[in-house]
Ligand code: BES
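One chain comes next, on its own, written as structure tokens: the form predicted on its own.
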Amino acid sequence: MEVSITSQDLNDWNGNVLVIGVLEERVNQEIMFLDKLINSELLKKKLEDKSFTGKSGQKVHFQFNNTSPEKIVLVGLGRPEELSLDSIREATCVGVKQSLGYSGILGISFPWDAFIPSSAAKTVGEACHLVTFKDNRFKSDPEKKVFPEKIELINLNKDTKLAINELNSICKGVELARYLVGAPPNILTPSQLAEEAINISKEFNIRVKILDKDQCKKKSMGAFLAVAKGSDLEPKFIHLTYSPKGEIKKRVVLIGKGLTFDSGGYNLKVGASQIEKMKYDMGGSAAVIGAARSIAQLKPSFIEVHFLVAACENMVNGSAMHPGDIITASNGKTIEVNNTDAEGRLTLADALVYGCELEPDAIIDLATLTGACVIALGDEIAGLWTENQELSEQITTAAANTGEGIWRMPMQNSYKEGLKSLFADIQNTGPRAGGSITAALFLKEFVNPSIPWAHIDIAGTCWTEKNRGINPPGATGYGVRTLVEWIYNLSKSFEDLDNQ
């Protein structure tokens, strides 16, 4: 699907399907141009019959014979004072779905001047790409859906062209993350996840290092390797590096939890734990690798980015980690394993230590870490833990700009009492109450306190069972756009300083 801009106004545009965003209380002036296609009295009657007033979520369509356009869709945007990027993102999804069955050109017109036009154009373009995503790789007779091949954003000037050019790179990263999360565990193994990273390095000429089990042993990654012991598949530690041309002003590390399948280990997942869905326990690594693809293609200035994934399976065999084992992470901390199903934090522990050794200016980790976060925030909002106010503001701004829900949660240090162990430095889980907070506090033990760090729990947001905005059922690719936006904003801040 190709997205472009055109400076044509509505009266001059020609195509197959036209989507128009209509503000509440402004219906009449917004659709006056339709008189050239349909009798105004007939139009007025249909709008009245449908009770269309431009309220958010309302839609009405008109179909014509032997005309251009063949179909016009009016989508309500709500009240002018409540208009937001989310409004036009949702309206775009509605409009694009209404174009199903039409090939050719889809035109979209919104009140662009109510926004920074480049931001609005990027928002709409991303929604056009992502709402039509369908993963048919594993179907012998895949369902074929026809959508327009070309989308034109109407009445925009050339200043928005750069934002449009960035769309493909960002959406390709999201789609890669969706493909990775959607792949079954017999296909996406730790080795295959490493191959995906190698493919990115070859295509975009960025550095890659893959550590095998023996190399991880030399780095004393006892926590990561303890999780991997129960699987017949070899663990892989993935390290991709994007370095910009010219001066490097910041170095950041992005870490993704990479459990390609999580059985729970000896604390086997049973009942409502949905063991069959545990292929998506590598949603954090998918977001990080998807972001790596986007960043490598976009080539932002000034920011060096390291992408880390400790990839393995959590399985059960005669060598598997026992409940009650005491293991040692690469920073020397000993951990009593009181629950083998709290394994992601063990793999992240060694990844965080490795990331700190790179001496970055900031670290962000993403992980499908706790069911407690899903209970607290549901399936549309990720949890954010950080003690750094500046980093919190940067991440929440990036998430808001991309429409990815996030909410800062408390880092209640007194809850660390629940992680005390009689026999080791720390145990890997605390009491049931506040489980997502104690998980973040566990991770904090493996981060250099001088480095700004944020943890994002995406257990609820990396997968959806329903059609939700730009996300069809299945993997959402959550986190890619927030990470890319964060990196882009950092880069832009240095560009602005250079231009002063």
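Treat the numbers as computed from the prediction; the structure is a model and nothing was measured. Sequential numbering from 1, following the sequence displayed.
In what follows, reference is made to the form predicted together with the named molecule, a form of this protein that is not presented.
Stretch 274-282 is the contacting one of 92-100, 274-282, 125-133, 325-333, since its residues have non-hydrogen atoms within 4.5 Å of the named molecule in the predicted complex. In the predicted complex, the named molecule lies farther than 4.5 Å from every heavy atom of residue 249.
Heavy atoms of residue 339 reach within 4.5 Å of the named molecule in the predicted complex, making it an interface residue. For the chain shown alone, residue 260 is not a contact residue for the named molecule in the predicted complex, no non-hydrogen atom being within 4.5 angstroms.
Residue 219 falls outside the set of residues with a heavy atom inside 4.5 Å of the named molecule in the predicted complex. Between the options 401, 429, 297, 231, the residue in contact with the named molecule in the predicted complex by a heavy atom within 4.5 angstroms is 429. Between the options 213, 209, 269, 172, the residue in contact with the named molecule in the predicted complex by a heavy atom within 4.5 angstroms is 269. Annotation for 459-495: the only interface residue with the named molecule in the predicted complex is 459 [heavy atom within 4.5 Å].
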